[in-house]
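First comes one chain, alone, set out as structure tokens in the form predicted on its own.
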């Protein structure tokens, strides 16, 4: 298995601590990653937190694989300023972006099996001139991806895909269309077959309104937007069901009947996922020519530098990226 590329994330957040703890957990497992980060800041973090993690600067991915059992390999992305935990610095925004760019280049070149991204602080990047809503759109631009790129949140208990993502609830409802539901479902079905090894994926399409509209009494979007999408997808041979009432589709019995829930807006998808299995949730970008995963949490500035960050989600992201990369290679 090829190594994975792990980006630095916001250096004022918990990403560095997670990288160190991930190496401690994985160094003897056979899963290898290389950090695209500032080696001095990682060494300083390890020392300050009392983590026995030797940090080694490497020249390429091949060397990273050779040293991984004995040290955390780092491809250098120098920071402009020494980071202060919990206080993002615009001077370091360029390095945060460069880490993502370099990881993506390695994946496109086939040097690494996939990219795992530590959390970034979008507000800080926006102030520095970052022109993309988030990782997904930036990676689509870097990879020249065609079609639709969407976010899946996956855990052992549930997979969800929000059709509309980072927009207010009012704007999400206004922008929702049948074509968006169809496109997101097509991308999801294809990814489940190719990357997750599910030969005939079952998609559950959520309604938008309470009780899935109650036959029009509580809203008409299920009839005007959702059902036409379901009809189109079924005509294409995709196994879809719905519209499901959003308040009952995430019970244990309901979840056994589908492989992924296609949800109409951000919180409809993420609230059940994070409630059921926050620690093991992984953000997977579907529709890219490379594998990309990320932990399902943010920069956690409030606990940065305190040594208490939980690396479980990052470990899950690394393990899932490795599994997806292996399936793509096969």
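Remember, predicted model here, so these are calculated numbers, not experimental data. Residue numbers count along the first chain shown, from 1.
Omitted here: the form predicted in complex with another copy of the chain. The next part is about that form.
Q: State yes or no: in the model of the complex, is some non-hydrogen atom of residue 208 no more than 4.5 angstroms from a non-hydrogen atom of another copy of the chain?
A: Looking in the model of the complex, residue contacts with another copy of the chain include residue 208, since a heavy atom lies within 4.5 Å.
(Q) Check residue 195 for me: does it contact another copy of the chain in the model of the complex (non-hydrogen atoms, 4.5 angstroms)? (A) No, no contact at 4.5 Å.
Q) Taking 4.5 angstroms as the cut-off for heavy atoms, does residue 242 touch another copy of the chain in the model of the complex? A) Because no heavy atom of residue 242 falls inside 4.5 Å of another copy of the chain in the model of the complex, the answer is no.
Q.
If we define contact as a non-hydrogen atom of the residue within 4.5 angstroms of the partner, is residue 299 a contact of another copy of the chain in the model of the complex?
A. Judged by the heavy-atom cut-off of 4.5 Å, residue 299 is well away from another copy of the chain in the model of the complex.
Q. Out of the stretches listed (231 to 239, 244 to 252, 86 to 94, 69 to 77), which one is close to another copy of the chain in the model of the complex, meaning heavy atoms within 4.5 Å?
A. It is the stretch 244 to 252.
(Q) Under a 4.5 angstroms heavy atom criterion, identify the one residue in 173, 182, 140, 125 near another copy of the chain in the model of the complex. (A) When another copy of the chain is considered in the model of the complex, the option within 4.5 Å is 173.
Q. From the list 82, 98, 111, 167, which entry has a heavy atom within 4.5 Å of another copy of the chain in the model of the complex?
A. Contact residue from the list: 167.
Q) in the model of the complex, does each residue in the set 21, 57 and 60 place a non-hydrogen atom within 4.5 angstroms of another copy of the chain? A) No, none of the three is in contact.
Q | in the model of the complex: members of 264 to 297 within 4.5 Å of another copy of the chain, any heavy atom | A | In sequence order, 265, 266, 267, 268, 270, 271, 272, 274, 275, 276, 278 come within 4.5 Å of the partner.
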